[in-house]
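Taking the form predicted on its own, here's one chain by itself in structure tokens.
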Amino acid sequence: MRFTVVTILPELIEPALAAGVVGRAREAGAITVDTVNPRDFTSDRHRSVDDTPYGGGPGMVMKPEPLLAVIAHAARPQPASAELAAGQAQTAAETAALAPHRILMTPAGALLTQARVRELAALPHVVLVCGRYEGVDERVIELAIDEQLSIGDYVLSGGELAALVVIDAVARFVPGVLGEASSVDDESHSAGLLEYPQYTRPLKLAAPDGERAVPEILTSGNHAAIAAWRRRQAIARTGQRRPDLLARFRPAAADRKLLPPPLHARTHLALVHHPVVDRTGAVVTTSLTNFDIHDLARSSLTYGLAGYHIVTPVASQRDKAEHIARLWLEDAGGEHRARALELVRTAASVDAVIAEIAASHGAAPLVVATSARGDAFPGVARRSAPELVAEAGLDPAPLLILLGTGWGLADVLLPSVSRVLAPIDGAADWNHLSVRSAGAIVLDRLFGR
């Protein structure tokens, strides 16, 4: 495979490629790396490659003429064989197959991923154009760039370090570069997951907080059990460190056997009427409404929840909720809503709901509060919906989501809460949603497809 780096600082490229895996690959002829300098394609005595931006602004912009000339030079097709080099005609298909892929390294580009690295490794020639200063003239991108790539959401002094990252990452997939070709299959991001933990000798390591031993499973000799352990660890590590990756991960049938039951099937929703606050901040008990009962029950059924609990210390209110649910259950013409009302349960307190869930699932639930206030539940860990799914999805414990009526949950009276969901924010500053609307939005963010 061939790499050509377009850079005004070629001295940054060569030393970084002289050693390691890439250095050995170059010596073996598995890859070639060349540099070309835009200054060699200038026409003025100062060899200028930059100028001030039209419209004003800080810094300088790389000029189009030297860049277009140097990219055209770097992109010259190479003969496919010695015979072609001797003068034989080359077909259009052969020429197209050998055409280089021109990439501009820029913070404004698409984020480089392992999947894209694999695809680039299948190309015969990649031209990496390194920007400098405030960027390059947009017409260069329009005329001579096939793709724009970024290695992260930050800004470097120039594209050279980013180009080196691309070369190193892509070269690993070129046949003959790695001694063990299959090693790339187990690396982080190769299967959409981070890599599992690795251990080597010694078996036990002295540490300030006590002895650290290698997990016993890795010394068991049971290769199937080791593979399953590593897969579980990879999934768990991805959920903890990169919930965004886990949200895109699609487990295979074998993966699902390693994971706890689906999160939605062990999630309970609780509509709390006490303790909540009124508009003055006083702790109050709110009254039940018919709409809250059946609308949230229907949302709970839509997203496959295990139960919907109505929490109020007023016995007559609990009786009312049970009576409303029973009416729908006994209505032959309302069979669809009846299925939803089967999820309705009542409790005198949040603690009673927690105890009921713990008895049913064999483990205490992770209790998650919701609030429209950004300062609610101070000191409690905040989670976005994807972060909560990634965290709770790998823990076999059930999940309890609390919705507050009135002006919201009285946070100081709910010590069992260990997570709080970030408020629902729309395009406007106004976010006083009804509890039914808020509940539906929360469930869709957590479990919607």
Ligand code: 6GU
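This is a predicted model, so every value here is computed, not measured. The numbering used is simple: start at 1 and walk along the sequence shown.
The same protein also exists as the form predicted together with the named molecule; that form is not shown, yet it is the one meant from here on.
A.B. asks: Which residue among 297, 105, 246, 357 has a heavy atom within 4.5 angstroms of the named molecule in the predicted complex?
C.D. replies: Here the answer is residue option 105.
A.B. asks: Let me know the one among 77, 304, 158, 313 whose heavy atoms come within 4.5 Å of the named molecule in the predicted complex, would you?
C.D. replies: In short, 158.
A.B. asks: Closest heavy atom of residue 152 to the named molecule in the predicted complex, within 4.5 Å or not?
C.D. replies: Contact check for residue 152: yes, within 4.5 Å of the named molecule in the predicted complex.
A.B. asks: Is there a heavy atom of residue 162 lying 4.5 Å or less from a heavy atom of the named molecule in the predicted complex?
C.D. replies: Within the cut-off, so yes.
A.B. asks: Of 204 to 212, 349 to 357, 253 to 261, 142 to 150, which is the one stretch near the named molecule in the predicted complex, taking non-hydrogen atoms within 4.5 angstroms as near?
C.D. replies: Going by heavy atoms within 4.5 Å, the stretch is 142 to 150.
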